[in-house]
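Here we start with a single chain on its own, the form predicted alone, put down as structure tokens.
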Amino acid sequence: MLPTPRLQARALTKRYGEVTALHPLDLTIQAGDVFCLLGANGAGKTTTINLFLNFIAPTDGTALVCGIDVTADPIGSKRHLAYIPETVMLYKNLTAIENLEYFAALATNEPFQREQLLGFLTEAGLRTEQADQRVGGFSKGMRQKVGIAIAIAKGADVLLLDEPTSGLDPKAANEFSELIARLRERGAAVLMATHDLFRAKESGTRVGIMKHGHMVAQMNTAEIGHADLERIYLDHMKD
């Protein structure tokens, strides 16, 4: 018997009047899978993520998180999810560990000890001395690490990432790729919308190319090179 997919779209569709933002999408993402959505702005990447988050309601079809219909049971589905947007919103006057303590308590209703919280931050790649610094002075990459620490504390089975490497310098982007690899090894399933073809190849196990709300191609990253992915992507982007 096959395990329950961590994420599954079944003919998932979103229309706004006469405009179809997402044509019927069928997608399955298992534990340990990092699926990268590539495409231009307006291709349907963020719409897909927002449907899994139940931020918007599908016009047709179903979005499932760990087998749970996100429309029928939005709270139950969110227990399995962590969402890392392009800009992680934290309380700038609180320290990293204070933000983590607050958001982890909201997510789990559990009191964590300081050593546990430090462990989550360290696992997410933040240095120990940064834990007690206010996040108002953090770079984007450092804020993302706090966001990942919150996901780790929550024990999230699924991570939804929207343009996580946008604006990161090469060192921070590489650190983010390494972090995603560690999360995948823990068994997390990741759906990531990105414009970064290099990071999609480096971090992803699979990539999908979206155009005008259609998934026009899917492939395993182990079976293609960087140049091949770029060529396929650019071929699909031609009008």
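The numbering used is simple: start at 1 and walk along the sequence shown. Bear in mind the structure is a predicted one, so any value in this text is a computation, not a measurement.
There is another form of the same protein, the form predicted in complex with a small molecule; it is not shown, and what comes next is about it.
Contact assignment for the small molecule in the predicted complex, among A189, L51, A43, V207, heavy atom within 4.5 Å: Contact check passes for A43.
Check your understanding: Pick from 34-42, 175-183, 197-205, 58-66: which stretch has non-hydrogen atoms within 4.5 Å of the small molecule in the predicted complex?
Key -> Going by heavy atoms within 4.5 Å, the stretch is 34-42.
Margin query: With a cut-off of 4.5 Å between heavy atoms, is L229 one of the residues that contacts the small molecule in the predicted complex?
Written below: L229: no contact with the small molecule in the predicted complex.
Note to self: Just checking whether V216 would be counted as a contact of the small molecule in the predicted complex - the rule being heavy atoms within 4.5 angstroms.
What the structure shows: Residue-level check for V216: no, no contact with the small molecule.
* Asked: V19 near the small molecule in the predicted complex, any heavy atom under 4.5 Å?
  -> Heavy-atom contact with the small molecule at 4.5 Å: present for V19.
Problem set entry | Touches the small molecule in the predicted complex: Q30 (any heavy atom, 4.5 Å) | No.
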